[in-house]
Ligand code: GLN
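So this first bit is one chain, no partners, the form predicted on its own, shown in structure tokens.
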């Protein structure tokens, strides 16, 4: 079978399985098997696949037809111009989270201390360390699986990050930071029951934010004041419906909130700078 024929058959099978962008995914899977550029596969479509290549491709198509995320199958994804390893047990970095990372970078200067809460794959912490040289970056997570992947990503991207197993601030007693960022679990109970098949492959620990999706925003907002330097900022990624609720939490515990939209026009980041009156209440 030629590459073109294999792609046509795989694309049809994935489309029948309800996979969005089926032809695109088939092309990326075959490129992964052949270690070639996906575009070149279309140019060299008459190339014949060996039996071994066809079997390997079929196995990956089987996984994608079962709606396993493409990123888990190929083992990596891009974020902030870097390449990150991803595997089962770790949340897949999304392009929307780049809005949070960009805002964090805008506020940083050499020598500042940064904390990433719930680092997952390490996408935020590693990207900040790479793009803001001279900053001291710490990242925490409760998952040993996530921390192992995050350490791998720091090494592969040449980033210096201190990783700690910690439930939010639990292992950071007495430490303060100039910037705290977090993309916490924020899917509410109703939405958890309606997740796309691909998202169901991702760890519930990294998705579920409790009944109303706000559990981690409440906890982090309440505890962050004791770990923020004066004038330091707390930045959250949020779900598109959560701007007002998270803003109210930040107003109560940190300072006057601000918000930013993503490129799709949805509210995506909410933050606040620690104010003196909140510092005295901490």
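On a predicted model such as this, the values are computed, not experimentally measured, just so you know. Numbering follows the first chain given and starts at 1.
The form predicted in complex with this ligand is left out here; the points below concern that form.
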Report summary line: Checking 74, 112, 148, 199 against this ligand in the predicted complex, the residue with a non-hydrogen atom inside 4.5 angstroms turns out to be 199
Query raised in the report: Among 100, 154, 168, 91, which has at least one heavy atom within 4.5 Å of this ligand in the predicted complex?
Result: 91
Requested in this report: Could you confirm whether residue 186 comes within 4.5 Å of this ligand in the predicted complex, counting heavy atoms only?
Outcome: yes
Report task. Answer for residue 104 alone: is it within 4.5 Å of this ligand in the predicted complex, judged on heavy atom distances? Result -> no
Query raised in the report: residue 142 near this ligand in the predicted complex, any heavy atom under 4.5 Å?
Result: no
Report task. Check whether residue 172 has any heavy atom within 4.5 Å of a heavy atom of this ligand in the predicted complex, and answer yes or no. Result -> no
Query - Option from 176-184, 79-87, 104-112, 127-135 whose residues, in the predicted complex, bring a heavy atom within 4.5 Å of this ligand - result: 176-184
Query raised in the report: Even though the chain is shown alone, can you say which residues of 199-220 have a heavy atom within 4.5 Å of this ligand in the predicted complex?
Result: 199, 206, 207
